[in-house]
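Only one chain is given next, in structure tokens, and it is the form predicted alone.
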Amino acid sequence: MKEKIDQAKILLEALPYIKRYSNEIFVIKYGGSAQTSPELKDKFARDIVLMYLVGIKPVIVHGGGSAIGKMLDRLQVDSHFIDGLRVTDAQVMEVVEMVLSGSINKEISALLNEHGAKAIGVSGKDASMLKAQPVDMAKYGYVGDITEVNPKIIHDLIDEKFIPVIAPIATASISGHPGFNINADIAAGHIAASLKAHKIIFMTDTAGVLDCENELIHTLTKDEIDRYKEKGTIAGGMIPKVDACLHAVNGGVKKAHIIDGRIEHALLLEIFTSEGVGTVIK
């Protein structure tokens, strides 16, 4: 009986958050171990479906760097990184789009549908949702900076009760152009800002943003982020995540969260409990 009472208490603790977030748009950047572990994939899908069923409107933006690397190796296509960015020539771009918009995007959509949601996979190219220009064509090739987001297709899908699952590929203004490979963190930040989402949540392979003693920083502001960057505390792959958080918050998103996707049901713990499990940027 005690176990059943404890379960009821957990549900009651979540009730205020369910009321508060009903009918709100949440953008979730899905990546890291949560995207590669079969067990975590299944738990992620269940978490999203629960959010969907209690009235939250999830929008998923996914990465896929490890899968792209494996496919490039299988096809024996040379690839390398500069400054953490995959140099993307025309041949690499073809593989990037095939993996992101094809296998990964459809796998996520199918998994959500299997668990009872209505998910539909799209690319940033669809309806010219994402437009971009080269970061530095000579140096990085078809790696893009987003110049414009058209959120209409996302709103249309949400209005029809779909969960949009978005591959971070952008279109160009030139006819016949192969498009641009966009950092998924940056794409998620721009999409959240364009939607004026209530929250954006980044699923990573760390507990959140860590200080110099590897302790979790629970809350951050822009000034604090600038200081941590100067000291080198925020570095490497965490930089595009915090930059995307700031872009989203500056664009009207109420809160940005960076959480550990390796924790089972991390999304639910962050959204429906008072303590949360990661770093909040506001």
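Quick caveat, the model's predicted, so the values are computed rather than measured. Counting begins at 1, following the sequence as shown.
The form predicted together with a small molecule exists for this protein as well; it is not shown, and the discussion that follows is about that form.
Heavy atoms of residue 53 never reach within 4.5 Å of the small molecule in the model of the complex, leaving it off the interface. Using a 4.5 angstroms threshold between heavy atoms, residue 109 stays clear of the small molecule in the model of the complex. Taking the partner from elsewhere, residue 65 is found to have a heavy atom lying within 4.5 Å of the small molecule in the model of the complex.
In the model of the complex, none of the heavy atoms of residue 40 sits within 4.5 Å of a heavy atom of the small molecule. Among the residues 171, 101, 194, 204, the one placing a heavy atom within 4.5 Å of the small molecule in the model of the complex is 204. The candidate site formed by 22, 271 and 278 is entirely out of contact with the small molecule in the model of the complex, as no residue has a non-hydrogen atom within 4.5 angstroms of it.
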